[in-house]
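Taking the form predicted alone, here's one chain by itself in structure tokens.
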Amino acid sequence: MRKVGIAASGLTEFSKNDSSIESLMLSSVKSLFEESRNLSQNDIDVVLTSTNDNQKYLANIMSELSGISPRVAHSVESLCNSGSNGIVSAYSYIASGLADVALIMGAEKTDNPGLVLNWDESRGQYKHPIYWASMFASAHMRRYGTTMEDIAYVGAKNHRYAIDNPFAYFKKMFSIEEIMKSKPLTDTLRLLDCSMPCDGSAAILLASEDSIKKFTDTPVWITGIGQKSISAGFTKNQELTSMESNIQSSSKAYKMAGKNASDIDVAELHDAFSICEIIELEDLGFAKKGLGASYVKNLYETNDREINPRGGLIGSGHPLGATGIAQTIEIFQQLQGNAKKRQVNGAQIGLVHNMSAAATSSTVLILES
């Protein structure tokens, strides 16, 4: 199996605007080409689009609009987990020898159809993701004594970090008190405990070890991949204080890379809601069970950026199809030493965690400089 690395990336600002999804994708691809060395349209073998917009033939349309005639073009859709799954698909094409260079572009509009999963109408009004997040929060509170203030530290930390992310949706810090006084949406979650859907796009270029030398002198290698899907219904996850797909996908990624949580210098975790980051820290081995909230509070008090340095989904915004790619771009930049004010000193090994719908599916990537 061939070695696969990340060579270049492009982002748009996460915001709310009137641009079409095609325009959003073109903007991030244009940025990628502008930052790339010696990259031409003829170099690209594979074009993948990551989105829940579900427009027909979008990857082929985007190839034409970008001036690319790839061997392979198709879309990847897996709700919030679409972006990282697109990266894994591209990795597979290259590692197997079916392609040498792959471009993955992800984008979403605020009103995309992926915000609510409609397959189970028996859930009535409780189809919105905030209800599953609230159940996880309640379970964690009952078992470990986690408080509303503990949960507020996640949002306060990530909004603070997002100030240094020029592409972030939020441009304002919020205090613990402001988060706790924000509008209650359920018994355990408030407005500022939630990530915000928005418009945005991200693009990333993967290449084989032989090909990547043309595009960059500082590639970042994908050394570990773990994936797990449990179902389309999160209630099959019987233990609501953890998320089984997170545990299994991270275990597989660590094993493939020959690493463990203590080796990770910087990580992007999928904080769709504040409680998610607390549980993920425990599931992925960064904190012992029940101590995820204490871990976050320590990061906040020490201003340590090792977890979600760009502001996470809560600070940066959450355009579903772009999120996993944007997370990967942050770790790519961190390991290249190009994260500017967000830079974690000495970062050499990074982790990306992207999931869908109460972790009914999860993907973990290990990256190394």
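One-based numbering along the sequence shown. The structure displayed is predicted, hence computed values, not measured ones.
Below, we turn to the form predicted in complex with a further copy of the same chain, even though it does not appear here.
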Notebook entry, point to check: Does a further copy of the same chain come within 4.5 Å of any heavy atom of Ser75 in the predicted bound form?
Noted result: yes
Note to self: Test of understanding: in the predicted bound form, would Leu26 fall inside 4.5 Å of a further copy of the same chain by heavy atoms?
What the structure shows: no
Next item on the list: Give a yes/no on whether Ser66 approaches a further copy of the same chain to within 4.5 Å in the predicted bound form, heavy atoms considered.
Entry: no
Next item on the list: Considering only heavy atoms, tell me if Leu299 and a further copy of the same chain come within 4.5 Å of each other in the predicted bound form.
Entry: no
Next item on the list: Please determine, with the chain shown alone, which of 159-167, 275-283, 288-296, 84-92 has non-hydrogen atoms within 4.5 Å of a further copy of the same chain in the predicted bound form.
Entry: 84-92
Check: Which one, Ser211, Thr186, Thr110, Ser229, lies within 4.5 Å of a further copy of the same chain in the predicted bound form by heavy atoms?
Finding: Ser229
Notebook entry, point to check: Which of the residues spanning 1-19 lie within 4.5 Å of a further copy of the same chain in the predicted bound form, based on heavy atoms?
Noted result: Met1
